[in-house]
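First, one chain by itself: the form predicted alone, in structure tokens.
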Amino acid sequence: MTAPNTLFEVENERELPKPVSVPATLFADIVFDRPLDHAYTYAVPESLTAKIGVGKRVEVPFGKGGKGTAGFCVRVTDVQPTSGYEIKTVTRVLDDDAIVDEHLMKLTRWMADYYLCGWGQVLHAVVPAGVRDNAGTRVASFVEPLPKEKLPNPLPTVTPQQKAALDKLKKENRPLEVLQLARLAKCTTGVVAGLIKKGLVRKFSERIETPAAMPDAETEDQSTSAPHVEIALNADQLRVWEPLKNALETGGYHPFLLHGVTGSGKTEVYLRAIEEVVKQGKEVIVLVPEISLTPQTISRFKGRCGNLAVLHSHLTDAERGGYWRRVATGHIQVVVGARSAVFAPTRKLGLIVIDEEHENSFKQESTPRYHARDVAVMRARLEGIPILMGSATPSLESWANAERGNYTVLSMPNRVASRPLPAVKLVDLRHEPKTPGKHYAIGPTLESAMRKTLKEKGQIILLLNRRGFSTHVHCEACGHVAQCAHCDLAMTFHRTKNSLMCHYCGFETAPFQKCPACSQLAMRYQGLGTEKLQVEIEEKFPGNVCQRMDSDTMSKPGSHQRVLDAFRDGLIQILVGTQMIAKGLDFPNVTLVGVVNADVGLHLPDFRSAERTFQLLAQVAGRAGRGEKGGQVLVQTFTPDHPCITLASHHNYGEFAKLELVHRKQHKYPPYERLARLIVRSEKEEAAATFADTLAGTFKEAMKRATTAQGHTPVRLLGPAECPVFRLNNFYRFHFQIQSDSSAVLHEVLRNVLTLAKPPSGVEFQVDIDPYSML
């Protein structure tokens, strides 16, 4: 093995180098699921030279003791390393065919460099477990007749049963499984074994799919679907379709940002583009936020896009593996899924579509901490294809790219059928009349509008981006707050489960009958979540069906679809939920949308809080007024003068982006400077604090190396400081924030730090490039 150049940690299991000579003609570079920035070189024995290949997994001895470890082959060469280190030998090749093609190899190499993690870590994350474990497959034994020139001479005598089996096999004119032939010929497997022994048939083994790996309910062939009714494009759609169509016909890298207001018909533009690419015999990847993958959008895709694969969080490993193999063999033309679908192993990719490109769910919060939108743009660039990103509220990063000329903006400022955007009214909760006694979440203005809507047979959507019943439990006697045993966070009471829960680590405990600090019976349950809101609605509006949609109620497969189908059919009058109900839903009978508390999330210590609040309000407002009845939106807020709330009420994305970008530029935040976050964590507070201080010195040294010729360091470092959530899942956390107007300089500093910094046992640190969570 060649000596590793470690990225995050010293590979403490490796053996000391021992110079040896290896009689081999081929050598393979192998990367592992480890935070290392260096491949290890192994000799390929003669018995494996025909099997080894880039993109295949191999088993090799690794670390102290030479434990058999799986890794990915990233290079094969006939040049022997001259490092003088011991070169071990590949034990076996685990895959018959490469499971990562050259396009994904280039993409994952870029990801490892950009997100500062090991190439092997990226490859391990990109290839689903169902593919790595061959889930949904089995090795089957087949037989086929031998050609005449290979038959024994003279021909051996066969029994009547053997002759019948041989005739059946020849009649089928294809290989059959041994058991299948025995069943068709109505004989035992011993009869087939006799034919093999006499040299009349050839037996071979092959890995095949099992029924568990073929979720046909999620795959639809265009030929079996209902006939598609051609939809005439309106003026806005035609205007954006022309440059998009030209790009699809000419090919090449063309990034488009489709900015269309809610209800403007962006999905139809996606579908036209997909159909055009499928006609060319190419494949399409469509990324959508998880949100159950927006069932309405998926239903429109089916039947218009050839063979369609829908990847979602409820798939089994066998189903994921089955889809991966079917995509790789060209049996699927369109892959629809959340962020991991960007790695689909398409053979001839022609287009990538990203719906709701601004969504935070496209950011992966574990290694590799990639953003699917940015990875998709890089994949489109590497493969030389168009990419279409759509949103009513684009991310400021994408909007700035469009202003710089990096993306082409396609604008759709009007709704389909010239329907007006709904009127939005801000309800100032500071001046709403207070109800004597019990506090209610729904103020008089919103309640009156709801009663009017229900009387007119309209439907209502209410947004509250907090789940649970009571979000704050404290003792009135001593002030003790019910806090998670593992995190510096307040517990949320869930009445249905009758438990206190931490929404970060999942810790649960029974509700307190008395204060655990002072033993007084003075526990008070306050705060508002969707569960409590549903109870209030059922009390105020009896006789109307209210359904809640949040992660507590939508955990079972198909639950989103069942609720939305019932809502569409008018069986549910009021739909209450968190942000999952804010996007992608199109119900013409929804004439009122209410935002119960617009300020949730606005005052978090996160520079993106205003952007997220604007996007959420604008998106949920867009659910109203999609039918002939029109609609209205009521937004309850304590800060009606905040620009993000005021401008969202006027559907004015352009003005909001202009103001917010000025603010970002003043404070040197993205998209004007690149940002990285480094977190140090340990279960021992003192150990984390000590290493954070040590790391601060390492940063100063690394920044000196990056000093420019002008004599200044183009990097700003903040920290170390306690994270806003200091203790999380039993880990005490300190963080650094690093900013620079040069991505290259930022990466240079971080690489220097990661090379120099060696955390002690029990201390970890993580690097997040382009972070989305600042807590």
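Small disclaimer: the values here were computed from a predicted structure and weren't measured. Don't overthink the numbering: it's just position in the shown sequence, from 1.
What comes next is about the form predicted in complex with ligand ADP, which does not appear here.
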{"property": "Ligand ADP: the contacting residue among 662, 232, 155, 79 in the predicted bound form [heavy atom, 4.5 Å]", "result": "232"}
{"property": "Ligand ADP: the contacting residue among 627, 601, 265, 458 in the predicted bound form [heavy atom, 4.5 Å]", "result": "265"}
{"property": "Triple contact flag 261, 300 and 416 to ligand ADP in the predicted bound form, non-hydrogen atom at 4.5 angstroms", "result": "yes"}
{"property": "Contact stretch among 668-676, 439-447, 233-241, 570-578 - heavy atom within 4.5 Å of ligand ADP in the predicted bound form", "result": "233-241"}
{"property": "Residue 586, heavy atom within 4.5 angstroms of ligand ADP in the predicted bound form", "result": "yes"}
